[in-house]
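Only one chain is shown below, in structure tokens, and it's the form predicted alone.
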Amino acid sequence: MLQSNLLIVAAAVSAVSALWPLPTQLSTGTTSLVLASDFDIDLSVISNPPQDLLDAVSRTKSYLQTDQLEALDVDRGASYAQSLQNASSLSSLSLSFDSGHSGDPTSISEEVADAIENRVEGYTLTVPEDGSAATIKANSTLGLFRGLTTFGQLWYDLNNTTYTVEAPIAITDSPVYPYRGFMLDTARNYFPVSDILRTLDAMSWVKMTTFHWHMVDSQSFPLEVPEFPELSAKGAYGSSLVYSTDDVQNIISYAAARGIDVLPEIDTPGHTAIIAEAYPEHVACPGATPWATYANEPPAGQLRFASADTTNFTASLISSVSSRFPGKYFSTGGDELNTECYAIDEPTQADLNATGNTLEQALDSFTQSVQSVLVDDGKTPVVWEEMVLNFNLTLSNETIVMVWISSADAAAVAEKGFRLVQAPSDYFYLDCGAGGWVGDSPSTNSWCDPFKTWQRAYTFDPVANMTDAQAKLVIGGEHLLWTEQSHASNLDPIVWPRAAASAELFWSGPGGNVSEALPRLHDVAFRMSQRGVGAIALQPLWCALRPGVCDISA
């Protein structure tokens, strides 16, 4: 029989229905079903299926064979052995477009590179109890891909038998918010391409849509820009620690095939000290000390945005990088601008005196010039919140604003009429709580203490203190990793499975129950581990196998 299971309450007991993110609508039964040894995924009704959909089907079949994930209960599923002996066998999953689809199919990669408001991710999934064909239907290739991701989470292994004990299963699903992201800073420390690709895999398993790539910063410039070769030649930590043009294209293609758009960021005009290594004429107060007076982090140095030459240089740089990314969005940053840097910079003061502009007026002209090249290239500019809240600048109405300083700032951004992404440090910064990293400071903690647990992130309300009109401007949110104390050795455990919390929050909507979510998040972590991602343990295994018994109220 079917039981309504919209909140997957059963997961708090058995953790068998361990789907993440939580589907919009879900019903399950109590019948055992096993995958046939010759199980296959059928696309015969789709004419000319895109190659990235075919590849996604191949990956799904591979995961079904290699996950071999045991159920997270005390006997690891052994109590189901008898029911599995007589269970029906599922031999096929059929993919097809629903009635809302017309024309030739487009690729996952093409659809995810479209504007956020045009992406269609919804799907329906059915798994009958009698072994007849399971189905995934959607009005887009991207929707079919999201359905495949869910299908791969339904199954567990017992003695080399792949099974579920909850057939029949019926799912109707689509996201509440279109933007669900993760940001990685590759400038404080370099991350090999293989680590980025593995991260993209993990993102796709929890239906994230955006890899926000903070590529460069004051400490290093690891990005090859063919029109400006000296930037990486003199700004990277080493010749082997550079993302080549081929690397970038590989990352973009790999992400797109997994339903992920790459949002590149070249932060300007702050966080640009490293540019002085190649183009010193464009950087104010380079290496000024004490650094804490002139920058938020060492080394000091910011673009001389009052200079027409520097403005043209920056616009050309942004245009060059932007042209290599097929997506619709590009971030020019704009955070943590330090005005003291310009107060001591003689060329900046001379430019201001010559034009009669104030520093803010010069920043406005610079910002308009830089963003105009993006608009001309068909891109939507993305900025950090200071560009809206701290300065009176002329920004395109289409500009998307990243709220990062505090969740309390989101309403003020929305009040100004801008679409926004929720990325507040008090909920989504993964680097918080690791202790201070600045030297000769033994008693300091990280600036954004304490550690942000998955439970903290999961309880976030994206539209707190907003009017209905303002709430409509929230397009989603993201977890972020600034990497002063991270590199390849601890990337996986510091990100996963914590970042999955926002993936569900912005897919399923706020208001989820942490006690009901925890068994499913354990499952996410264990499945990631089976697939080669070093997700950290959330609790002792004793607790993971006994859902609810380690809750504080138990």
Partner chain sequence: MFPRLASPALIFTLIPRCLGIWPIPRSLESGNQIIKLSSSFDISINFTHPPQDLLDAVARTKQAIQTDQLGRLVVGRGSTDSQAFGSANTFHTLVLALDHDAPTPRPIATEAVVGLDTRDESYSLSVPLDGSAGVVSANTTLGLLRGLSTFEQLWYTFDGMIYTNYAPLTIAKDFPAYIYRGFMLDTARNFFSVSDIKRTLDAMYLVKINTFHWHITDSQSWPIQIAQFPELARAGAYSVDQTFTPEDIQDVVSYAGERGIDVLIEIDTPGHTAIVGASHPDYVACYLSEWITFAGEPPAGQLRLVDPVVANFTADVLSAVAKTLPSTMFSTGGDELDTACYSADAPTQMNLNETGRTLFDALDDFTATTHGALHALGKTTVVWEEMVLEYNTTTLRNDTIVMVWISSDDAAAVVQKGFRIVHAPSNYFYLDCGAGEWIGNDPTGNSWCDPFKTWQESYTFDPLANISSGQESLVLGGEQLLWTEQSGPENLDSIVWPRAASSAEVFWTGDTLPDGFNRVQNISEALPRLHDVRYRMVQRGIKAIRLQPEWCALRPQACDG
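Positions refer to the first chain, counted from 1. Treat the numbers as computed from the prediction; the structure is a model and nothing was measured.
Keep in mind that the form predicted together with the partner chain is missing from the display, and what follows is about it.
The putative spot formed by Asn189, Gly435 and Ser553 is fully lined by the partner chain in the predicted bound form; each residue has a non-hydrogen atom within 4.5 angstroms of it. With the partner omitted here, the stretch from 372 to 380, 281 to 289, 327 to 335, 261 to 269 that lies within 4.5 Å of the partner chain by heavy atoms in the predicted bound form is 281 to 289. Residue Leu518 is the only one of Leu35, Ile41, Val495, Leu518 with a heavy atom lying within 4.5 Å of the partner chain in the predicted bound form.
Taking a 4.5 Å heavy atom cutoff to the partner chain in the predicted bound form, the contact residue among Leu125, Met215, Leu393, Ala276 is Ala276. Using a 4.5 Å cutoff between non-hydrogen atoms, Gln470 does not count as a contact of the partner chain in the predicted bound form.
In the predicted bound form, the partner chain lies within 4.5 Å of some heavy atom of Pro298. Contact between Thr60 and the partner chain in the predicted bound form is not found at the 4.5 Å heavy atom cutoff. The partner chain in the predicted bound form is not approached by Ser407, whose heavy atoms all lie more than 4.5 angstroms from it. Applying a 4.5 Å heavy atom cutoff to the partner chain in the predicted bound form picks out Gly433, Ala434, Gly435, Gly436, Trp437, Val438, Gly439, Asp440, Ser441, Pro442, Ser443, Thr444, Asn445 from 423 to 445, in order along the sequence.
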